[in-house]
Ligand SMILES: Nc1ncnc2c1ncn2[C@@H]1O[C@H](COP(=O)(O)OP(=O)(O)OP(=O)(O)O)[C@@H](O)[C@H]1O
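First, one chain by itself in structure tokens, the form predicted on its own.
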């Protein structure tokens, strides 16, 4: 088939032609945004899930909804917790500059820029932020991150409210935030929630989002809905595949669609990759994708996933870490016991604990419960067996 017209879009954060299975999250986010604009509390969302389920796509879709409702939208991605003050400061500056472009922009916006400058000076990680405004001291410059974020968010929210607008911030890869940083962020947000300001944050991360203190958890539960997302159900998956093809005048044989779901297990990223390959391999001039097209797509799609999705992370591991991952894979998909992994490696649990911790810090694994471990990638066990056929 015509590769130029291929409607499938595999890629990290790439929006599929048909965003299936996420209508509930979008509807709830829309309600929360509308309530924020009229000064009423509403729960935002913290999205969690494995890699490849569409968390980043969903955050950006939240942003589209927010812009339609009159919000200024900014997005940040956490890679290094030390950079959180700078990431927040840059996003706040961009939002304030956009607000400043509105015809009714007045003193509240200038004051917020001054508070932002004081915040940047008080937090070394944000000191490089360029801001020509005069410093407004005493609001967000104490040096305590939670308190200062509260002051900064309040000023940004007040500036937005004075212009009958809102500010919406999405934070991706939140699992990289250690508990103190996450707690500081939650404390800061709680201030805007108390005041009914149109400053809204939504976040996403792996299931390994760290535990927080009871006080911070109480904040989070008041401000957020915790929304785990995963593989698509069969009807959702069918919509994600069939609707884009129908837009190009192409249909799928029922058996082809069933086979696609079987090999991808309904994970959105994988479905896009396999569907793309099946489309490209289908006979030129055909308007139907058949089971044989899906079968021929499997080795090509697997190669793309191995090289572009799995191996990118796995290649950054050490030899002991790779051995640990391979032992996990030997135990099968899903949750495994740390003790069982150690047994396969012929070592004591304490001997391999540092390796386990290193893999968790690299966000390749997470611990759903004490002494348990799981991959952060779906179907990673299959990849490890292809990559390292032998256990030892």
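Fair warning: this is a prediction, and the values are worked out from it, not measured in the lab. Numbering follows the first chain given and starts at 1.
In what follows, reference is made to the form predicted together with this ligand, a form of this protein that is not presented.
Undergrad: May I ask you to check whether residue 9 falls inside a 4.5 Å heavy atom distance of this ligand in the predicted bound form?
TA: Residue-level check for residue 9: yes, a contact with this ligand.
Undergrad: Is residue 50 close enough to touch this ligand in the predicted bound form, meaning at least one heavy atom pair within 4.5 Å?
TA: Taking the distances in the predicted bound form, the answer for residue 50 is yes, it comes within 4.5 Å of this ligand.
Undergrad: Give a yes/no on whether residue 56 approaches this ligand to within 4.5 Å in the predicted bound form, heavy atoms considered.
TA: Yes, residue 56 lies within 4.5 Å of this ligand in the predicted bound form.
Undergrad: Closest heavy atom of residue 199 to this ligand in the predicted bound form, within 4.5 Å or not?
TA: Residue 199: no, not in contact with this ligand in the predicted bound form.
Undergrad: Name the single residue among 379, 384, 373, 20 that comes within 4.5 Å of this ligand in the predicted bound form, judging by heavy atoms.
TA: Contact check passes for 20.
Undergrad: With this ligand left out of view, which of 154, 173, 141, 183 would have a heavy atom within 4.5 Å of it in the predicted bound form?
TA: Selected residue: 173.
Undergrad: Would you point out which of 127 to 135, 107 to 115, 267 to 275, 281 to 289 contains residues with a non-hydrogen atom within 4.5 Å of this ligand in the predicted bound form?
TA: Every other range fails; the passing one is 267 to 275.
Undergrad: Which residues, if any, of 226 to 253 lie within 4.5 Å of this ligand in the predicted bound form when only heavy atoms count?
TA: The stretch 226 to 253, when checked against this ligand in the predicted bound form, contributes 232, 240 at the 4.5 Å heavy-atom cut-off.
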